[in-house]
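One chain is shown next in structure tokens, namely the form predicted on its own.
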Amino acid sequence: MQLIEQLYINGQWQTPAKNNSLTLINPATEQVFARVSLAAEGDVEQAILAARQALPSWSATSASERARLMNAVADEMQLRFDDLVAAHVTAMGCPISIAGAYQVDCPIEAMRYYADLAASMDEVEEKGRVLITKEPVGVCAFINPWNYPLVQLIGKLAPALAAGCTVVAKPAEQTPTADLIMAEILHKVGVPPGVFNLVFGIGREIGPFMASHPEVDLISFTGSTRAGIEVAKAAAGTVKRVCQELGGKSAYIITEDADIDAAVRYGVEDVMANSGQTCNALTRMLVPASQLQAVIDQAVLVAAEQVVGDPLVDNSSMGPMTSRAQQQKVLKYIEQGIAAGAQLIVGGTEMPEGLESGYYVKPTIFAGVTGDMSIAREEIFGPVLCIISYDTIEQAIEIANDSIYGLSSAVFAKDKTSALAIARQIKAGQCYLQGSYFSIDAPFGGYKQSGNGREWGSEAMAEYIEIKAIICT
């Protein structure tokens, strides 16, 4: 069993002030794999003050030096690639066959991507007598989720470091091991003390303290909309910048003249990726009524190709839910869908065949879903797809926008031009056309209750920058 007994504060490993710890469970085996010591408010206070003290010198460090250190971090991440993969396999059950591509490749690329953007901090825009300059926003507190632990950490950390900010990070309590490796890496390459601080804890216990602290200039939170609202409330008293990537119930419109087999395959595989634990998963598949049976037939075939099993077995494409609580939540939604009269065409509440333990859920697809059903309106965060039929494309767009969320979306039409015309009418922060995939260049964030602010792309840098206008005579 791994013992994680120290926090990383001000460039040093230190034991928390109080003797509180949390047992971590491997979701595939239901066995304890680690015990982690938890930070108390006093420890978080130390971390925040360390970040504050480090800010003047780090923000004054040249862009080339920050970029050099960030590239060194990326190099070391590559050397510890297998360790980072293993952390995701053990802590969250991501299959070893895909964990590198899903969870590690992008963070390494992102660290280099934002290293290249560090130089943008030195740019000065001149408009007549006005000089427009950039400064780092200051001390940043990160509260990260368990579904993409490293991706979400680096998606925040890399632009923050490039901008010259200092950081206090709190990983999800279920998945702290990748963050621990990152603290070791940043320490090894010589990132100055206090620039990056890592504390472990229960979100509802130390999250409000981080969000409300007067020495924190920005709080970035990824998680549920419910928790995001509480973070925003806690932050309001100090009028700090709040960045939130929250819930989603993303719509995927397939048109009547689309390649149905290709479109349905893309949609089913998207929802089943990462065992459905993806905030921007295309969980509402909107299909023309005239093609409904063809869609159902193809969806059944694609779902059958998924292999739910031991994450350490090479042919497993889906692992367990990250926790028992998440498994039970997903199973409850499946029960609600059945009770509401939706047609269960694949999956259900039984354990996948051949598995006796682990927090697994079968790939599940419902047809005959209507907009008033909870499975069509609420974020399930599991491998559950809802197929909803429509009569006209105008109706499809209306259904797509009939949601409190607006994180992502997709369109598959006969061609890119046709898909783009539809995409422009969907109220969501992203839209994937014709089977496209994630890009670091694409700003990521939501409309409505899916959050505010943007991650990824050059726009992510803006979250960590204060703009100063200097008016000359």
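Numbers for residues come from their place in the sequence shown, where the first is 1. In this text, all values refer to a predicted model and were calculated from it rather than measured experimentally.
Here the subject shifts to the form predicted together with a small molecule, a form of this protein not shown in this document.
> When the small molecule is placed as it is in the predicted bound form, which of 89-97, 176-184, 146-154, 336-344 ends up with heavy atoms within 4.5 Å of it?
Selected range: 146-154.
> Which of these residues, V330, V369, C279, V191, gets a heavy atom within 4.5 Å of the small molecule in the predicted bound form?
For this set of options, the contacting one is C279.
> Name the residue from R324, K233, R226, R129 that puts a heavy atom within 4.5 Å of the small molecule in the predicted bound form.
By the 4.5 Å criterion, the partner-contacting residue is R226.
> For D310, is any heavy atom within 4.5 Å of the small molecule in the predicted bound form, or not?
Judged by the heavy-atom cut-off of 4.5 Å, D310 is well away from the small molecule in the predicted bound form.
> Given that the partner is absent here, does P171 sit within 4.5 Å of the small molecule in the predicted bound form, heavy atoms only?
P171: contacts the small molecule in the predicted bound form.
> Using a 4.5 Å heavy atom cut-off, state whether F221 contacts the small molecule in the predicted bound form.
Yes - in the predicted bound form, heavy atoms of F221 and the small molecule come within 4.5 Å of each other.
> Can you tell me whether P208 touches the small molecule? I mean in the predicted bound form, with a 4.5 angstroms heavy atom cut-off.
Yes, P208 sits close enough to the small molecule in the predicted bound form that at least one of its heavy atoms falls within 4.5 Å.
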